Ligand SMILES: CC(C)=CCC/C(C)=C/CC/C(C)=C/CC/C(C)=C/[C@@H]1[C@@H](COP(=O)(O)OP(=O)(O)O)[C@]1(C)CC/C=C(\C)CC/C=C(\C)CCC=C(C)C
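Presented below, as structure tokens, is a lone chain in the form predicted on its own.
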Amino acid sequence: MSRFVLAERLRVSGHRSKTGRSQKLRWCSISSTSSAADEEATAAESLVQRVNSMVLKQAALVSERLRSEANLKVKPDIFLPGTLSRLDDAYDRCREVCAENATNFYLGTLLLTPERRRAMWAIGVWCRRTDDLVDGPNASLLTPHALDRWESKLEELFEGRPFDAFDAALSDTVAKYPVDIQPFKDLIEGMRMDLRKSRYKNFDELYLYCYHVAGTVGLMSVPVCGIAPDSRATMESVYSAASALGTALQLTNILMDVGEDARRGRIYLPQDELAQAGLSDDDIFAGKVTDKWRYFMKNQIKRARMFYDEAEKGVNALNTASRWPVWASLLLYRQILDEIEANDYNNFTRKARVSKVKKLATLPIAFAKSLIAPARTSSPLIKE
């Protein structure tokens, strides 16, 4: 994954000014004559390696749990909070929230088996509630201490002690599936990042943020989706692809919501690349589509598409019953990038939306892709 990100950065920066070409050379060689350049390259690579190590750790933990039948059989008794008498009621509440507040996500889950869709509702609601801590109506009152309390509640629900109905559904889900707690904690860390900063000096910083707030969701989802029995893909490759899909979706959201984020004083775009394109924060706040902006956006869209390409490599390693909704989500979200282009890169005042006709036309394409058998590459770390 780290090699992919480094190579991707080289390609995106390949047709720039002399400043851009100089930066490209720094990434190509570790023997730069500038000590500052060495430090920059080392720091950037360290960020990428950090994300890569998170993916490998999650893959190893889940692989270990899958190989241990004892771990899967020992499930904590779940305490049902308040007046909740049945876990079905908890899942029903999660379904209602998803149907009302996350329409595209909800429709995608309907393509899953009943048990898997319930699990995805529980995960989706917890992720939304976590995100609402920063972007919800009470976000201005959020403190780091509140996020610490939220993380403590997370640890308790993983131990079978949920605080409310939504927690109860997730507590049951993590008992049924080999879902590790670390991606959930990493997502909370993403919320802490939102409290600390509203600018990202380069793509490596933005990539780390995308992992925390979206790549983590991919890692949470893989155990629920399952891996095809006939797949010979490594755990690491599947989880890397899942993280790449989460990153691709987040980059798409960022590019779609540039104007909306700017109105909240936030710019989720690499500051160094804005400068190389001759742009500044003032240009973002002004919200004018210029040739410089079009040039900048073309490179950002190219990068996002490369993450989708990386994600595609892992979809058909998933369980057959889970591939269709994942392909549908991937293809539908990817089309948002097409809509940004169709809007002449005006993501300041126009919202890129995929029409219902295009959405319906995408479903059979996604289904056809889901029928392709997984690659059968051998590896010393294959799933048993």
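None of the values given here were measured: they were computed from a predicted structure. Counting begins at 1, following the sequence as shown.
Missing here is the form predicted together with this ligand; even so, the following discussion is about that form.
Take this ligand as it sits in the predicted complex, overlay the site C-alphas onto this chain, and none of its atoms lands within 2.4 Å of the backbone or a C-beta, so the site here is open. Taking non-hydrogen atoms only, Glu159 never approaches this ligand to within 4.5 angstroms in the predicted complex. This ligand in the predicted complex is not approached by Asp272, whose heavy atoms all lie more than 4.5 angstroms from it. Taking the partner from elsewhere, Ser329 is found to have a heavy atom lying within 4.5 Å of this ligand in the predicted complex. At the 4.5 Å threshold, heavy atoms of Val238 reach this ligand in the predicted complex.
Contact with this ligand, judged by heavy atoms within 4.5 Å in the predicted complex, is confined among 281 to 289, 106 to 114, 168 to 176, 296 to 304 to 106 to 114. Scanning Ala262, Cys127, Leu147, Val97 against this ligand in the predicted complex with a 4.5 Å heavy atom cut-off leaves one residue, Cys127. Shown without its partner, this chain lists Ala311, Ala277, Val258, Ala233 as candidates; in the predicted complex, only Ala311 has a non-hydrogen atom within 4.5 angstroms of this ligand. Residue Tyr333 is the only member of 332 to 365 with a non-hydrogen atom no more than 4.5 angstroms from this ligand in the predicted complex.
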